[in-house]
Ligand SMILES: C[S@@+](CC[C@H](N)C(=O)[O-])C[C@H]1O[C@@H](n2cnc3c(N)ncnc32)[C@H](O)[C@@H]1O
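Only one chain is shown below, in structure tokens, and it's the form predicted alone.
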């Protein structure tokens, strides 16, 4: 992205996308649009209304700096400092996992299971950014939602998102391997660490090098949440778990073994078996 003479916004966008593609970024054009719009304090759509406008040196410097970070495979969400999750825009950074589209399916299942309940008590285990807890608080009127996490850094980020959204979510530091907070809860939901350490090298650099490992890699964390939920869910309460590729059938069998009924597996938008649920 170098040029001694005037260069238009459209040309910067093209060169940025080509550069990011060469560096292996999965969605180079979209990333380039987001970063350029951020650098210029514009909306993405407005980029195309100003395609032929020459960029001044200060704008080029700002755009180059952001594109260089993305070319180093830093997640675009971290560079922007915020990301959308369902109806919310949340602060995101290296303290917690970036909320992903598949986790929106988790929230959909939670809302379906909570339908018709007044003032349900909800526990989000491993809350991270607070995305699941905040989305439920936003979309389930009257819900009393608590998010727990063992990471103080993640909890600090979640508190910033509670303040940012103005939603009523209680947060607490808690290690799930000591058991879950006593309820009784109408719903326990979790997107726990479920990646095996042996799979680290197969992860995208954006995940492996920038997401906190405490939120990625876990031994028996999914099972620990499931077993902990047995004693803290009220009768008729539900458990909803996000799981890794190839894990859903095994987790569903565990829920059957633990006495959950109506065990169900839901696929994510990519068709992968991603969410496992059951009723106590």
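All of these numbers come straight from a predicted model, not from anything done at the bench. Positions refer to the first chain, counted from 1.
There is another form of this protein, the form predicted in complex with the ligand, and it is not shown here; the text below is about that form.
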In the model of the complex, segment of 248-256, 211-219, 30-38, 60-68 with a heavy atom within 4.5 Å of the ligand: 211-219
Non-hydrogen atom contact residue 157 with the ligand in the model of the complex at 4.5 angstroms: no
Proximity of residue 165 to the ligand in the model of the complex, heavy atoms at 4.5 Å: no
Residue 105 within 4.5 Å of the ligand in the model of the complex, heavy atoms: no
The ligand contact in the model of the complex: residue 161, any heavy atom under 4.5 Å: no
Non-hydrogen atom within 4.5 Å of the ligand in the model of the complex for each of 120, 140 and 169: no
Residues from 143-170 in contact with the ligand (non-hydrogen atom within 4.5 Å) in the model of the complex: 149, 150, 151, 154
